[in-house]
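Before any questions on how it binds or moves, here is one chain, the form predicted on its own, in structure tokens.
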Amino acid sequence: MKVLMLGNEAVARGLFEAGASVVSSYPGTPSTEMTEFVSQYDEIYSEWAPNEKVAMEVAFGASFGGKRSFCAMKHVGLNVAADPLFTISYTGVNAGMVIGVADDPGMHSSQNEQDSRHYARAAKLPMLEPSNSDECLEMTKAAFELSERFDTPVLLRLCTRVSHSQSVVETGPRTEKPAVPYQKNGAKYIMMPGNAKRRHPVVEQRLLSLAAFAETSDLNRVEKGGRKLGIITSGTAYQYVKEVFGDTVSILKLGLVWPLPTKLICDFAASVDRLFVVEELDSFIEAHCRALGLTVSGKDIFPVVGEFSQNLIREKLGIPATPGRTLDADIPMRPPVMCAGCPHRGLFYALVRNKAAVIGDIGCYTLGAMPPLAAMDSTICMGASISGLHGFNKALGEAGEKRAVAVIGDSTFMHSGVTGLIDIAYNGSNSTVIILDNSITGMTGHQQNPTTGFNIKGDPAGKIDLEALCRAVGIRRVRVVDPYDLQQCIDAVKEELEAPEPSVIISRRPCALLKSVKPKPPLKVDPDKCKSCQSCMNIGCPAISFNAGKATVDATLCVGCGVCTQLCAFGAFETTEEATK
């Protein structure tokens, strides 16, 4: 049956049809929907893991036990999972194991533009790269076949445009895979030095066998279009090339992007007068071509930064650009901002009032860096805030301890923040850590996590007690505040910065966008009471603006949180019984 699917949805369908049994992932844009769609198939056990390393280890355990398995993550998540990745390459698999990784060229929702193809080369693992939803489905199934044929985990690389675009797929039935019998084999699966030394040559031979496979595999194909111009490409860039040139140029489309074929590329290069490599991010394929001694153009004309487009390819190859549609009206800029009613806003306001240096983490609360709050000083990666604060305070001593805090979300604290807190307790810096507990994984679209009490299907699950956990690792000062109560937050931050020992503040209020959170009636402004002081603008709520010199509230955005009423010295904000919708 033909169905229109997102790329991520098609990967999930491929997992279903391939007979996969276990999926474990940590959400991260643009990879999240792979696992969300998998959760709709009752034939597959699925879960959210605390982080990507755990997810990959769960998937390996399932493969080890004899069932086809999968884990998904975004490109920076693969860094977290790199430790097991490199060793699983040595052990190989029992049943098939596939690792989905989604890159984010253009950094739509990421802190860097990392190119995951380098992991395939470094870990000596095969990597497939689909260019549309149908290939997402088919290559997911092909990845399992490769995994079992060559005794290896297989990386399946997507990027934002493939993950989040739709195209037609041909669905089929699920093929149930009987469990591969588990057999104890310490020489293969126990990677102590003596065994690992014997496995390394196996890995090298496997890579040679895969390279030979790449020469004739239908995962790589030549589309002939004359000899004047030849383009080697893959993934999203292939789609752009086809939209620009159609069938007028010759194309070598690579679906197996590591290991790369040698003879196939050389033969293709010999068949054309000019050779280009069109690939987003790094010069991965181009470097391989140059190592083969080929004369090729690529990053000498195409950028290594940002996403490609059809017009960028036209521009770089001297073809007139196709103008897009434009609107007559000027559209106002919409800078990223925390939502109206976001519980993080009040806490950040308290930090600004205390003139605190804020070492932040990855999540919605990163938007606390934006004006007017501008409360953030640093953001590196998942879990780095707490350990970063510890180092900051060790460097500055009391001067740091009395003015700096770490800010981290509940999900990210579970992901990799708790180890930083253990470090603080164990190695003793007088640090103040603030956990922004909004009862969900917010930034990636409301996925459950170990603090919410529900699993991926929304069923009741084990729930971490954050206060008890913080005390258990050695923090004696643990307190909970309501971020809608500004004075309570201001006082708590001031007191904990002055406290002579490590402390944790849990700022607890559910995300305003959760279905379980019922908004209060929107507020309104009495223009006679508004003195135009603009104090209410200091929290950056998108529901508040100024019109004719007076504050006004957008009733369609306001959730009646009441934070603004605490900033107005003239009582201009009033409640209303008008329903929000």
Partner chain sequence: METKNIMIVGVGGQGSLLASKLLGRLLLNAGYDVKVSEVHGMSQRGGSVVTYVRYGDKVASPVIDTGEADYIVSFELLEAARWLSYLKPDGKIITNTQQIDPMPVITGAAAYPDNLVSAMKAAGADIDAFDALTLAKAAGSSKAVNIVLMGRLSKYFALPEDAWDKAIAESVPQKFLELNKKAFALGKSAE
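Because the structure is predicted, anything quoted here is derived from the model rather than measured. Positions refer to the first chain, counted from 1.
The following text describes the form predicted together with its partner chain, which does not appear among the structures shown.
Test of understanding: in the predicted complex, would A49 fall inside 4.5 Å of its partner chain by heavy atoms? Because no heavy atom of A49 falls inside 4.5 Å of its partner chain in the predicted complex, the answer is no.
Even though its partner chain is not shown here, does G186 get within 4.5 Å of it in the predicted complex, heavy atoms only? Taking the distances in the predicted complex, the answer for G186 is no, it never comes within 4.5 Å of its partner chain.
4.5 Å heavy atom contact, G66 and its partner chain in the predicted complex: Taking the distances in the predicted complex, the answer for G66 is no, it never comes within 4.5 Å of its partner chain.
How about H164 - does it come within 4.5 Å of its partner chain in the predicted complex, if we only consider non-hydrogen atoms? Residue-level check for H164: yes, a contact with its partner chain.
Tell me, out of S89, N354, S283, S309, which residue has a non-hydrogen atom within 4.5 angstroms of its partner chain in the predicted complex. Exactly one residue meets the criterion: S309.
I need to confirm a contact call. Of C339, I506, I475, L497, which residue comes within 4.5 Å of its partner chain in the predicted complex, counting heavy atoms only? Comparing distances to its partner chain in the predicted complex, the residue within 4.5 Å is C339.
With the partner removed from view, which of 94-102, 486-494, 439-447, 202-210 is the stretch that lies within 4.5 Å of its partner chain in the predicted complex, judged by heavy atom distances? The contacting stretch here is 439-447.
Checking a candidate spot here: are P323, P335 and P371 all in contact with its partner chain in the predicted complex (at least one heavy atom each within 4.5 Å)? All three within 4.5 Å in the predicted complex.
Which residues within 86-110 place at least one heavy atom within 4.5 Å of its partner chain in the predicted complex? Contacts from 86-110: H108, S109.
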